[in-house]
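Here you get one chain, nothing else, as structure tokens; it is the form predicted alone.
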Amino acid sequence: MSDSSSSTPKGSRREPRQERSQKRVASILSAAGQLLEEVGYAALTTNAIAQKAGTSIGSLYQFFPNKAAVLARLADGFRTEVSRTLGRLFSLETARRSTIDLVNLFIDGIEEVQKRTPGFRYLFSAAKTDEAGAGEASEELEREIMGPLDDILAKAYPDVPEDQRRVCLRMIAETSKVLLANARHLDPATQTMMRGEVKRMLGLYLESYFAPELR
């Protein structure tokens, strides 16, 4: 059976159809995500990815022409995971009842995606001016992350001006990125404490603009 396909996902030379090839691509992406967390995008190389994935550089090049293509494919997967996770957690009823609860769900959702997708924390937390090639992917990921929150707040609180909503979302995005960037250097107990305080801070901040009684 041929491994080629007429439609290939972003960043790929071809779509793997055989189970063995699918597993190889999955291992390459997992290795790339782990290396992003360890060394960053500038120091990432295709040779290092192949070595960590336990495959040959030739096998990697069958599916990805360069490290930028690997990053693009990783980012596609991150966006899919974020959309699926936040779509499952968010509801209009929750948003209308309590924006504090909504922020809690948002932070929990991002944390959930981070735990099961190596490299997510690095890409979401990367500054837009960092390392050519990673900045654009980081911007796209941020839009995918904030999109569901923007949509549900717009529906639940239509009287809040769009400009104000976007400012609030920017504050939430930037604060969340700082948390994710710094958390890797902290012990688990401190991470838990810090995450709780960020939830409280952002929840109260958002409630000052989106409290039910202010509608």
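No experiment lies behind these values; they were computed from the predicted model shown. Residue numbers here begin at 1 and follow the sequence given. Here the rigid core means the biggest group of C-alpha atoms that line up within 1.5 Å when the two forms are laid on top of each other.
This next part talks about the form predicted together with the DNA, which is not shown.
You can rule out all but one of 156-164, 30-38, 51-59, 170-178: in the predicted bound form, only 51-59 has residues with a heavy atom within 4.5 Å of the DNA. Residue contact check for Thr45: one or more of its heavy atoms lie within 4.5 Å of the DNA in the predicted bound form. In the predicted bound form, the DNA lies within 4.5 Å of some heavy atom of Asn66. By the criterion of a heavy atom within 4.5 Å, Gln191 is excluded from the residues contacting the DNA in the predicted bound form. Under a 4.5 angstroms non-hydrogen atom cutoff, the DNA in the predicted bound form lacks Lys199 among its neighbouring residues. Interface residues of 22-40, taken as those with a heavy atom within 4.5 Å of the DNA in the predicted bound form (partner not displayed), are limited to Arg24. Taking 2 Å as the criterion, Ala43 counts as shifted between this form and the one not shown: its C-alpha moves by at least this amount when the rigid core is aligned.
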